[in-house]
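Two separate entries follow, structure 1 and structure 2, each one form of the same protein chain as structure tokens.
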Structure 1
Amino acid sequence: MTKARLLGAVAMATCLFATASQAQDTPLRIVLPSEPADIDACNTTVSNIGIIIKENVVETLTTLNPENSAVQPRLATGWTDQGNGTWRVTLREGVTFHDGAAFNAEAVANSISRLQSEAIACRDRTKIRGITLKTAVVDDLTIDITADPPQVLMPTLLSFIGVGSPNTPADQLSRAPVGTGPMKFVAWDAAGITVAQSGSYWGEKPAFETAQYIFRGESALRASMVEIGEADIAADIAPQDAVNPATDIAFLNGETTRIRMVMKPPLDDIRVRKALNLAFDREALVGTLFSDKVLLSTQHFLPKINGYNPDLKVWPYDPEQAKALIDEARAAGVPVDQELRLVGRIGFYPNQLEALQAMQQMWAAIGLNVKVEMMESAEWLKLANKPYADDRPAMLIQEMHDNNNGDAAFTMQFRYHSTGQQSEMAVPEIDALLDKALAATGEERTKTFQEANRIIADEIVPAVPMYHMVSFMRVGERISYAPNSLSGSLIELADIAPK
């Protein structure tokens, strides 16, 4: 090699190094559709909170493989069933919180206590509704966790336990979480939420020193921000905005959406609940307001989940039969002409308002008076979660639920059991089946969940099933990131690399 060529190669290498270094020093910018109400360590399962802090600022005890839901170690490195509901959990050594507090068994016990405290509205608690967890510290890095009733899926449950600093206030939700992750919280202001590398971390550090989370409600705006270089990732963009094959990636996101019914008059009459399903033309919204890759649903989780009943059928579109049922109910004195609120949560998915308005028109065609109402996340959560107001009227509530956890337990207990945090039902037969399934293993567990699903879908009809959802993400050309089924609620910054 000549001296000139050598000097040229060195110059090029120096330039490439400088470019890569500059890319890592420039903040990673992720634009999301909705701003969360909080970013507390005990709300990591809430999608618009988890996507920011889970495994970035606040880590969980275990994590789940996005492909098959296999349990993987995180802050916990091992777990053994001791019998009688007790699991012995071994914790990772050499970990500290961002505020300098020690990560140990006492800190885990504190987080589990806070998770279950009624002093705060901890939404991760919905994942263990009906289960009481007790802890016993064995030594600094060993803790016994006992579940009542016993839980065969305890290693999976550990993936719902975000471990925050023991200095976190016990009686209020945090907007400045302190965890053990590779990033620490820096600020939450008008510009969004900023996190930065914590400085010392036990595992893989992200390539970027700083990340900023920006909130923009309009899908087209989020997409354009990536196109012009104002953001690196735009989450949850609408199908009509996903027009660039080089940057726009479609992926099954594990979410299932439905319309839940508050079964007060007239929704306490099964004829009205069936009519709502028969009058909804599901196919008409596929490839228009929803991606042509969504799947029509019959139950509230994906076919890959243990307990899914493959024999359930999608409701047919039959507006004539639906109108006949409404007319029959009206003749019997059911107040079918009263106004029904159809409540959506802002930021659930692209084109949500348009989809709800389309459903409103379909239901108007059979004689129902439905009014669409959109709510911010915090207000919607108050409406959707217990305790319910005593005078709560009949209404329709748009829901979207993510079960990537491998088992129906993480859907059915809190949606359908009488003790469930978001259950509208109190059916002894369903309670008995779910209690039996939760205590069972193997084929008995699967078949019991399947039978509960059959009864719920065919005989109770508490909801209007809609779709298993697909998301589109726009990924900017200066980074490399491959979304997976968890990316709607978890984007690990360590998985993002500069090009």
Structure 2
Amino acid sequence: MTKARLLGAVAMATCLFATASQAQDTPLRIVLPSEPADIDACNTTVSNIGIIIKENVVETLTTLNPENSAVQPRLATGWTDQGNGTWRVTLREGVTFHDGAAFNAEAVANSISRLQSEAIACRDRTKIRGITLKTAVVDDLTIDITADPPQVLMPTLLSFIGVGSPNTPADQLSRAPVGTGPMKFVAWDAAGITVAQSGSYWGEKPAFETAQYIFRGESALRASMVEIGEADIAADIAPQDAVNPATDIAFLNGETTRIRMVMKPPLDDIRVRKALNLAFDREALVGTLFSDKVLLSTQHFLPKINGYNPDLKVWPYDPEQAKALIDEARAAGVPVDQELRLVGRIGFYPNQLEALQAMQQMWAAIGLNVKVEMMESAEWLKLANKPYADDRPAMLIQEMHDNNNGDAAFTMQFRYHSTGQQSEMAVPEIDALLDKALAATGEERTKTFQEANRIIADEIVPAVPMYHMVSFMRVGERISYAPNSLSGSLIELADIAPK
């Protein structure tokens, strides 16, 4: 090799090394639609908080596999059911918080106590609604957690518990969280939120030294930022902005939308409820008002969730049969000509008003008198949440729900049990099945939930199932990242690599 060639090779190697180093030293920039109110360790299940800090700054005791919702170890390395609601949890060794405090059983007990404290409104507490958790430190790296009432899903519940430093204020939500994750919080200012690699992380370090979260409300602007290299990832871009197949990725986001029925006359008649389903042409809205990537739904959660019944069929589009059912109900004295409010909630998804108007037209074609009404969240919640007003008439309520928690319990108890806060039903058979499923494990649990779903879908028909929804993410060309069904509320920086 001549001297010139050798020099050339060295120069090229230097350039390549420099390029690779630059890719990792340049901050990763993620642009999000909304700035969170806080980024406290006890609010990691809130999507615009979790997407920043969960498993990046603050780690949970367990995590869920995005593909099949299987529980995986994180800060907890093992768990065993001790009976009577108590689970013995073994903690990871050699972990420290970013402020130098030791991660141990005391720290976990402190986080669980803070999560349940009435001094602050921790929103993760919603995930353990109706459950009281008590802790007993066994040794430095072992803790007993007792749930009242007992929880067979304790390993899943552990994935909702973000562990913050014991030095976190007990009576105030934090805007500067201290956790054990691969990234530590650096700053929150007008430019956004900045995190940087923690030098003492126990696991594999992310490829990027620093990451910045920027907040821009307008979808077109977020997409543009990635297009011109101002950002690497734009979360939640509108379908009309997702026009570049090379960078724009659609993914099932865990959300399922439907129309729920308040079963007062005429919706107390199953013929009317079935007619509403038969007259809705689901396919017609796919690729028009909804993305062509949405899936038609039969149940209110994704097929990956335990308890999903794969045998249920999507309602066919049959306006003739729907009209016949309405005529039959009318002849039987059911007040089918009564005006029905179709109540939408502003901000669920793009083109929602147009979608509701299309449904209104389809239902008008079979003789139903449906009036679309859009509401702000607060007003909508008054109609959707118990206690219901005594004089609440029959109506149709647009809903969207996400269950990325691996089990049907997180949907069905709330929506189908007579005690559920958003349940329109009080069916003893369903209550019994749900109570049985909630106490069961393994195959029995799955089959019982599936049976409950079959009865609800085929024999009760309390809703018009619509779609499993997708989100779009624009991923810049200098990085590689594959979004999954959790990416709306969790983007692990360790999963992002420079190209």
Partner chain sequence: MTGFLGKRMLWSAGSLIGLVILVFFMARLTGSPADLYLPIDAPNEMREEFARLHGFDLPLWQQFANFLRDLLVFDFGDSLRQGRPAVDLVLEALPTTLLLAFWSIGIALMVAVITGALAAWRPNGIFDRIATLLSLIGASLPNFWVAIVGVLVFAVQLRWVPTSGTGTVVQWVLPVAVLAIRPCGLIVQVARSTMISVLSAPYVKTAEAKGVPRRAIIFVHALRNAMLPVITVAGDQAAGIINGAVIVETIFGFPGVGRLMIDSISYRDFAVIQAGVMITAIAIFLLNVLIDIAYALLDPRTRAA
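Every residue number counts along structure 1's sequence, beginning with 1. Please read these numbers as outputs of a predicted model, since none were measured by experiment.
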* To do: Give me a 1 or a 2 for the form predicted in complex with the partner chain.
  => 2
* Given that two rigid parts of the chain turn against each other between the two structures, choose the hinge position from 470, 152, 74, 370. => 470
* In whole degrees, what is the angle of rotation of the smaller rigid part relative to the larger one between the two structures? -> 28
